[in-house]
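One chain follows as structure tokens, the form predicted on its own.
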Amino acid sequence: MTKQPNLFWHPSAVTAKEREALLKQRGCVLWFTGYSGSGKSTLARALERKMIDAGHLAYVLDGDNVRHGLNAGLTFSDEDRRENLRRVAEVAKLFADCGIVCAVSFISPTRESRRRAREIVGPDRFMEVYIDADLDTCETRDVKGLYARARRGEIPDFTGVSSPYEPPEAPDLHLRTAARDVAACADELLAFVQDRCLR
């Protein structure tokens, strides 16, 4: 993006460390990636619930929800998908700077898009979480009927059907949701966050 010469960064009078000390947690971004129907949103919401119940601040940025507001004008073209993820990474970075544990639930199909998100957020705060379920499993869970519509050609460039997905090569956490239930995966996820983000 082109930098505007008349814009200046205004540093805060409060440091990220001060906010983290107040919340007794470290701001971080858990970037959930995987096919539609793999369990990203389910696990992100389960984590958010567990965090709040334990007295910690967490927030979910969900792909569908963000497209209702912040990114409402974006299409599903390659260019707009990249812009969608760029904006979300910028917002997630702000959440982390506030000391919040931010769970980002987006398909994020390319390694390059996830690399850029890590770069924006900062490698010390970004954790890639691969929600791994095979396509057959995802299609059986598809209550919205998206896969069926994509296979009929009604949804172009649908990840896993007419558009590729590049699985992470070295995710920070790998949850295999086809073989394990939500509760077991949510417990492993919470343990991971407790180790990385909580004090």
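In this text, residue numbers run from 1 along the sequence as written. Bear in mind the structure is a predicted one, so any value in this text is a computation, not a measurement.
Same protein, other form: the form predicted in complex with a small molecule, not shown, and the subject of what follows.
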| query | finding |
| --- | --- |
| V143, heavy atom within 4.5 angstroms of the small molecule in the predicted bound form | yes |
| Contact flag, T177 vs the small molecule in the predicted bound form, heavy atom cut 4.5 Å | yes |
| S41 within 4.5 Å of the small molecule in the predicted bound form, heavy atoms | yes |
| Y35: touches the small molecule in the predicted bound form, heavy atom cutoff 4.5 angstroms | yes |
| In the predicted bound form, segment of 73-81, 88-96, 102-110, 122-130 with a heavy atom within 4.5 Å of the small molecule | 102-110 |
| Among the candidates V14, L22, A191, V182, the residue which, in the predicted bound form, approaches the small molecule to within 4.5 Å (heavy atoms) | V182 |
